[in-house]
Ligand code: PMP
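Here you get one chain, nothing else, as structure tokens; it is the form predicted alone.
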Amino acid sequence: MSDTYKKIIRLDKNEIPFNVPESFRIKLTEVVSGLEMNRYPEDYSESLREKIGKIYGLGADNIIVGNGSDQVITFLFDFLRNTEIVTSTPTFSMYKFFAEKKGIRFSEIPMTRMFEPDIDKLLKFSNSSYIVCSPNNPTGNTTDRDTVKSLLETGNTVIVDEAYGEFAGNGCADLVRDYDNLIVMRTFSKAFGLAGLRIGYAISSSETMEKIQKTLPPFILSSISHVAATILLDYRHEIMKNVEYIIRERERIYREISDFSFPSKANFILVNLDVFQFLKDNGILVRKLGDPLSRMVRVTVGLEHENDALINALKMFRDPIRH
């Protein structure tokens, strides 16, 4: 890795700035060294699914896993192949990408000016399935539970993508006990810091998951990904300390730049400035967005000194004479 690359502050991919706990790395190394690499991994990762389920007071039959949220999305879209999928935009671009690749009808309903789902327009799609990103990428806001319940009351399938849920507090996973048509997605890539191993999962009623599970192949996760996620769940206390740090820094950044940004419940902030190239020229990489947010950028919350550099650069952009 070059010295130039090391000096770049990377706030563009919504990764957390912490590596996994050292004690976890040691334990994982010990377990991996004993794996029989010539053997296939555990069928359907049942022990991992059981461990995830316990967090939510559910069972393994309420969970499916995949290689990152992207693969979980493809599994769910295969399940919904014969329906139209509706979402609110701007949102995570991969929904449209996978729908188009699979030939699924896909409709986008613009959000309100405050980036809230337009529930009245969504409900007009009475025979469709819905996907809601909460906290929403790239806007950072959450969708309130009453809105989700309004969609669920239609009887149509509702997917709530909570990839950034740990940074927002309570989500919708508990509602799977009341609604068979709810599917909640989560991931190990964000708060848990396992983006490099690609592990995502979904939660739903056992009846819904039984239908989806029948369409899935065995051996979805590699043996290493399986054991890594299983072990890391024992370190949730340490993980949540990292989450608390990110939340504190997120709120600090927002206080400094609230005049030209939007409040967030994720580990990133949407900045209402066309500042991508300026930040890049100053050694800070952020996410450049497309329409309708092409004059905005999404900035990931990093370490304190990285966030300080970001704040100073943004203030310099806004008022170069004073800074």
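Fair warning: this is a prediction, and the values are worked out from it, not measured in the lab. The numbering used is simple: start at 1 and walk along the sequence shown.
The discussion below concerns the form predicted in complex with the named molecule, not included here.
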query	finding
Of Thr157, Thr143, Thr187, Ser88, the one that lies within 4.5 Å of the named molecule in the predicted bound form (heavy atoms)	Thr187
Glu256, Asp70, Glu42, Glu50 - the one with a heavy atom within 4.5 Å of the named molecule in the predicted bound form	Asp70
4.5 angstroms heavy atom contact with the named molecule in the predicted bound form for Lys102	no
Close approach of Ile183 to the named molecule in the predicted bound form, 4.5 Å, heavy atom	no
4.5 angstroms heavy atom contact with the named molecule in the predicted bound form for Arg81	no
The named molecule contact in the predicted bound form: Ala163, any heavy atom under 4.5 Å	yes
Heavy atom of each of Phe92, Cys133 and Asn137 within 4.5 Å of the named molecule in the predicted bound form	yes
The named molecule in the predicted bound form: contacting segment from 245 to 253, 217 to 225, 190 to 198, 168 to 176, heavy atom within 4.5 Å	190 to 198
Contacts with the named molecule in the predicted bound form, stretch 28 to 49 (heavy atom within 4.5 Å)	none
